[in-house]
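Listed next as structure tokens is one chain, alone, in the form predicted on its own.
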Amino acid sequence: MPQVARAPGRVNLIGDHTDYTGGLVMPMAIDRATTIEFEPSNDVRLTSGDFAGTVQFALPTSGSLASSNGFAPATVTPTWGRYVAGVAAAMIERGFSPRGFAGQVLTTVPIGGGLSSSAALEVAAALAFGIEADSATIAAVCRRAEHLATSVPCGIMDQLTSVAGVRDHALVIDCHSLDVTAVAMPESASVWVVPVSSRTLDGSEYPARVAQCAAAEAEVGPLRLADLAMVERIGDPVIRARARHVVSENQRVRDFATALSAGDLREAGRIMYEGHRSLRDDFATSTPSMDDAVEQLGKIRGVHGVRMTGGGFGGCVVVLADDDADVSAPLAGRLAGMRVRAADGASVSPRV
């Protein structure tokens, strides 16, 4: 029977570059999703509504590491198929037996915008492959898939958000325990995403930031357990700045969740601006165009907070505003903002 696997993108409200140190994040799954319309097949054959070419490969059948059987996801072409192949390989590593399928990928998640289009594709592929597991396991498989497919050592936030999203709620995720707590979005609030520039984390300085955080942890232990006094003992000023961002960002997640639960949009917005300054100054992942967008969008009536979102080095900014605010008008030549709403996580269903 033809089926549809659907997986949403995500926007991160606060808590960037904390997930790969086991810290706290607060994203929400959004009402923009990647779908795979598929039927069972002996192998994998996929086309895309957004990219040229056909992805086709035979599934490996055994092995503790799929790559040991000559199956290398990073060599699959076209390149977007590497995420799908990575999921198959990661499932086999974890003892799952992926089932072949043929179909088409469609998406409404902006590609290269920092809204986790790759994670949405991975999660949709895992469902199409027939994975049956809890949310944390599916997310871990899909995170491993990205490691196999690219050179980006991402954390688990994107994949877990796509799997575990809750309609009308943001999620506080502890990326160490993988506990997920849903926090209701205030009815008085709206969330907007404004594209600033296209980017890909593959080939960016993202791996360098991961390495710098690891260097900080070699001095002070897990950053999720560290405080700012411990951070100030780090000798290298760059490593110290990176650690200062992570430790302060974990606290910002706690404070933001408290403000949002109380419906205090002004305080939540203040925390967002503080987080952007930390990403700009201590973590060096913002860009001049993103900084300018934060400043200009903050002048719109009803806007409470703006910050870069996602891995950085380009992409989108996220805006927290009153429900009746309008952030849809193009700003200084940029694309118009789009309002996003918190959505449920991934699912698979019969194609109607």
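Each residue number is its position in the shown sequence, starting from 1. Predicted, not measured: the structure shown is a model, and the values here were computed from it.
Below, we refer to the form predicted together with a small molecule, which is not included among the displayed structures.
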Checklist entry - Which residue among 113, 98, 275, 155 has a heavy atom within 4.5 angstroms of the small molecule in the predicted complex? => result 155
Checklist entry - Are any of the heavy atoms in residue 15 no more than 4.5 Å from a heavy atom of the small molecule in the predicted complex? => result yes
Item to check | Any non-hydrogen atom of residue 314 within 4.5 angstroms of the small molecule in the predicted complex | outcome: no
Item to check | the small molecule contact in the predicted complex: residue 206, any heavy atom under 4.5 Å | outcome: yes
Next on the checklist: Can you tell me which of 45 to 53, 320 to 328, 305 to 313, 32 to 40 lies within 4.5 Å of the small molecule in the predicted complex, counting heavy atoms only?
Outcome noted: 305 to 313
